[in-house]
Ligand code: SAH
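In structure tokens, one chain follows: the form predicted alone.
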């Protein structure tokens, strides 16, 4: 396998964590998109319990907390992300309503039917879309919502280069109708699906990385692993610019029945 086709998971986790902690978002998205998705969710109160799974440093979580009532728990595997998450919450004076904890999406620390809303932007792929929907469902109350973003194909056919890239990086990528069917089979009413606009990738995810990459390469000059990581990220940008009409992130919102 060539370096440019490496999966992000093949790199040193500490380097990945350091690199992505230097940017506000760890995946495609935007405040506008988070707010749009929230528009499909109702019945949240001051007593509601919300979990943001794979929260990263909390870019989207802070937006959630500013637009919905209730208590939010952010969960991420990387302690550095959680430290920044709680720091960001404090800066916005939200620490009484949101808290970040270190944990795995494989073993969530919630009781059955404890949550009113499960949120996960750009992270459910770590456990797999279908598995995540099925395993996390037990933590939701009846009538509770799940809202996740997931890499999806926009077309039934696509060029070999981009197909091979995604089959290596995330074999569970599929078309939007297939993902909706998986949500139904997992025990949810599909409430809404919408494609994240291009600026969620270009403006909010890729553009902020340009400066971060230069600083990272300067710090780790001569470190082959660090250089490969940045080359991998730059290759991903090239692929997106070339093939963005064939794939992207989609918000999937469902209601537990």
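Since we're looking at a predicted model, the values are computed, not measured. Positions refer to the first chain, counted from 1.
In what follows, reference is made to the form predicted in complex with this ligand, a form of this protein that is not presented.
Mapping the unseen interface onto this chain, residue 77 counts among the residues with a heavy atom inside 4.5 Å of this ligand in the model of the complex. By the criterion of a heavy atom within 4.5 Å, residue 27 is counted among the residues contacting this ligand in the model of the complex. With a 4.5 Å cutoff on heavy atoms, residue 105 counts as touching this ligand in the model of the complex. Within this chain, residue 183 is remote from the site of this ligand in the model of the complex, having no heavy atom within 4.5 Å. Just one listed stretch, out of 162-170, 137-145, 116-124, 83-91, contacts this ligand in the model of the complex at the 4.5 Å heavy atom level, and that stretch is 116-124. With the partner omitted from this view, the residue of 37, 55, 64, 50 that lies near this ligand in the model of the complex is 55 [heavy atom within 4.5 Å].
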